[in-house]
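Form predicted on its own, single chain, as structure tokens, below.
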């Protein structure tokens, strides 16, 4: 009798696992298919956004070549460099702000600590673009919405409120024993020395996670970049450039190049995630544990 029950349990488990794996496989195909289609479209030789066939009939590299050679209307290389500069600077500032604020809230005890954490949680419920009009007029009053200062304005926008996103990093810092800090204080270390020479070397996973998320925000943002850049084409980021490729006057000739640009801007993020995936996962798991 027990053998039959064991066989029945194994069979039921096998059926359940099969159903789950089939569902996951279907979901994976649904998720990957649009990416696969964009990649194929980026090599499509047929021009225009409207074609009679779903998949390309012929393939070419001209769409990628045009992005870097045809700069008469849409200067993709300049947009790419603008985005890269803003993303790197914002990433450095944002990462420092997040890690510093997280360490202070995890290790220090001061009067406004809990009210600040509650305020940050409430503000985090509202999307950042709700403040874009107010932010724009503040930047305009400071003279940061013209010329090369637009890049500085974008960096300030992306990094200014980074300290509010401290929750995950704080959770990770909470997992580091307080005894480490106490021993360092007894040895004569300052708080800055503890943070920079002890805590950060022990926190590589959360640093990697913070850097990745801080880099992605300006890399893919469209709303703030569009509002601040306005008609300054020499300051456009890749998000604005790709959007312009889909405008009425450009979509017929730039549609396949748009797909090529979408593939190109995804490569740096994909490389970063694949190379730093282990640390990224460790950072998240450590924060959840904390």
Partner chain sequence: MKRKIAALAAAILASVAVAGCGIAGDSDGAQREKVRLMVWSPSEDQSKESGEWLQTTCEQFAKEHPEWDITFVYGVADEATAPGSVKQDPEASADVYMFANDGLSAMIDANTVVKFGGKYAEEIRATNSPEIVESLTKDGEIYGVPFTTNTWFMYYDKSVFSEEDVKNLDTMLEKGVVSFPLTNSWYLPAFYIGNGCTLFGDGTQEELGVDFGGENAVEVTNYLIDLVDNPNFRVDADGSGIAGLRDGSISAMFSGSWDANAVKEALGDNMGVAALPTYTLNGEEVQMMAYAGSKAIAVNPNCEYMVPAVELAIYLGSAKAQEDHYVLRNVIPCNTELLAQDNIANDPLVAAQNRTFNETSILQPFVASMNNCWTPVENMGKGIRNKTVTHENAKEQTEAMNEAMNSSGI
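Numbering follows the first chain given and starts at 1. Here the structure is a predicted model, which is why all the values come from computation and not from measurement.
Although not depicted, the form predicted together with the partner chain is the subject of the following passage.
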If contact means a heavy atom within 4.5 Å, which one of 59-67, 235-243, 23-31, 257-265 is the stretch that engages the partner chain in the predicted bound form? 235-243
The partner chain contact in the predicted bound form: residue 222, any heavy atom under 4.5 Å: no
Tell me, yes or no, whether residue 40 is in contact with the partner chain in the predicted bound form, where a contact means a heavy atom of each within 4.5 Å. no
Partner contact for residue 112 in the predicted bound form: the partner chain, 4.5 angstroms, heavy atom: no
Is there a heavy atom of residue 140 no more than 4.5 Å from a heavy atom of the partner chain in the predicted bound form? yes
Quick one: of 136, 96, 85, 116, which gets a non-hydrogen atom within 4.5 angstroms of the partner chain in the predicted bound form? 136
Between 43-64 and the partner chain in the predicted bound form, list the residues on our side with a heavy atom within 4.5 Å. 47, 48, 49, 50, 52
